[in-house]
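Coming up is one lone chain in structure tokens, specifically the form predicted on its own.
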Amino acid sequence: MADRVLMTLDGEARDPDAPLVHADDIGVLRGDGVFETLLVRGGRACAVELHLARLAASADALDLPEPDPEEWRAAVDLAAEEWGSDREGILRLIYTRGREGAGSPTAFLLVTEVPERVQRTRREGVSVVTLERGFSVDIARTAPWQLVGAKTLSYATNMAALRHAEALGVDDVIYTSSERYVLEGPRSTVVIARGRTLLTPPPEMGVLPGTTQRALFDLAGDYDFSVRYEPLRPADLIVADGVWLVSSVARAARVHTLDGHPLSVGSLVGTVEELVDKAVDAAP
């Protein structure tokens, strides 16, 4: 059983140990490209259409050629089939500006195993520290070149934030704006519960539109939940009936500790995680 699957858009499975990307690829040299991360489960990729739509939106923000959804959809299906149905996998769609001066993009798909860290997060939840992102909530409007609403390969700041959290002895991060509004995690969307209402910060505040959060909100009404986009403060997280970091691979990670303060375990813990699972499976 292969521990990695590498696929190109022509549907050809490549040797994951053989060279694929050139050293002068702008995605390598400057992080100039976009990506998506999908969960593979039961032999199929989850929420494919939501991810392909966001891939296209990110590419548009970077002035990359519009990705062909049919090409990507077919390659996603082949990669998931090649990975198999006996285990979960992480499927990454990579789309860069290509080689310097070539004028054509680079595209490939990579499937790898879900690490134990993710499994532990699902079981046990996470401790979180809030960190200021250094941006105002107006940044998407006033400085669109910052690309805060696009999922780009320029991920060094997010990784640095996670290493900082690890050095502090906590699992994850929730970013706040310069005005101290809640934004998002480095690789997740923040969702809280007030009774049976689920809330998340509006994308207009400079957060990446979450695919798993979107799938959750689309399904929530069928299970007697209401949903709302609303600006949140850290204090709103402390008094909430539950806080989750929602993402494609970890799905719903319950936040049990925020800035060193234990959060109450509300009656919805377990219910929201189950609903996220159903939403991910139901999303096209």
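Don't overthink the numbering: it's just position in the shown sequence, from 1. Remember, it's a predicted structure, so these values are computed and weren't measured experimentally.
This protein has a second form, the form predicted in complex with a further copy of the same chain, left out of what is shown; the following refers to that one.
- For the candidate spot formed by Phe135, Thr152 and Met159, every residue has a non-hydrogen atom within 4.5 angstroms of a further copy of the same chain in the model of the complex.
- Of the candidate stretches 118 to 126, 78 to 86, 163 to 171, 202 to 210, only 163 to 171 has residues with heavy atoms within 4.5 Å of a further copy of the same chain in the model of the complex.
- By the criterion of a heavy atom within 4.5 Å, Arg4 is counted among the residues contacting a further copy of the same chain in the model of the complex.
- Contact annotation: Arg99 falls within 4.5 Å of a further copy of the same chain in the model of the complex, judged by heavy atom distances.
- When contacts are judged by a 4.5 Å heavy atom cut-off, Phe108 counts as touching a further copy of the same chain in the model of the complex.
- At a distance threshold of 4.5 angstroms between non-hydrogen atoms, Leu258 is out of contact with a further copy of the same chain in the model of the complex.
- Annotation for 2 to 40: interface residues with a further copy of the same chain in the model of the complex are Arg4, Leu6, Pro16, Asp17, Ala18, Pro19, Leu20, Val21, His22, Ala23, Asp24, Gly27, Val28, Leu29, Arg30, Gly31, Asp32, Phe35 [heavy atom within 4.5 Å].
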